[in-house]
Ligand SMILES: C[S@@+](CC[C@H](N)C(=O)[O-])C[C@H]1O[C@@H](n2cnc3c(N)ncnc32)[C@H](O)[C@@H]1O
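So this first bit is one chain, no partners, the form predicted on its own, shown in structure tokens.
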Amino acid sequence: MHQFISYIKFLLKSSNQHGAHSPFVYNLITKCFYDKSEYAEYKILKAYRSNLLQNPETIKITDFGSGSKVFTTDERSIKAIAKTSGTSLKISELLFRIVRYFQPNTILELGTNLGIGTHAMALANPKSQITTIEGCAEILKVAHQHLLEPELSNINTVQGDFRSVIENLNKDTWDLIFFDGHHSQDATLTYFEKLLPKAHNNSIFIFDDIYWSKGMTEAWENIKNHPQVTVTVDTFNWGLVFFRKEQFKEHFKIRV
């Protein structure tokens, strides 16, 4: 019910590029969000996801996050995971465009899942160095098998608890961080605070499922109001955070 009501409110308050007076956000919308180009990589993204959707293999999930709203057992088929909790084709294409647009050199992903999003980011900028963390060893094993391609050699997969892995990462700054796991208020705010010192002026933080629950939405509001955050873009599925000191503090709701 929270997601439904939040979506109605989003539709009433959101806009397109005509509601963005910031040149930075206007260009992001028109040149990235609404880019209608048929990239050759889209076929590769579709094939990757289709392969997972046809895989009947069953694995045992260890869930370190907020649990599933669909599954009632920890025994799940790969195709069911891809269908219900894997990144959709539309969203993976958007993630591809975002990474292609900003060309981040260093990317951190919290929540590999089956690697659909990881795959999209790697294709978008083959020169980037991607570190992706997954708590469940079995699901990471599946992702790792699919991500083992010569053109995807820029991916480093790490299995473990987000909190402990983050503390041991030897990286001063990250250009892009994708928060795509452990959808709870406390965990989201904890990871945000821990990784905030790793952000620079042009860093991008992307938070998945900001309307997953009331707690996640409250976490999103707290993040928006943080003094180091200058610009946010709410697409309903995602919340994008920017730290550009040259920008006035503004919040946008954009239909994608």
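It should be emphasised that the depicted structure is a prediction, and the values quoted were computed from it without experimental measurement. Numbers follow the displayed sequence, beginning with 1.
The form predicted together with this ligand exists for this protein as well; it is not shown, and the discussion that follows is about that form.
Remark: residue 106 does not count among the residues lining this ligand in the predicted bound form, judged by a heavy atom distance of 4.5 Å or less. Using a 4.5 Å cutoff between non-hydrogen atoms, residue 157 does not count as a contact of this ligand in the predicted bound form. Although the partner is absent here, residue 85 is a contact residue: one of its heavy atoms lies within 4.5 angstroms of this ligand in the predicted bound form. Contact check for residue 191: a heavy atom falls within 4.5 Å of this ligand in the predicted bound form.
Residue-level contacts in the predicted bound form: of 100, 79, 182, 146, one residue has a heavy atom within 4.5 Å of this ligand, and it is 182. Annotation for 114 to 135: interface residues with this ligand in the predicted bound form are 116, 117, 134, 135 [heavy atom within 4.5 Å].
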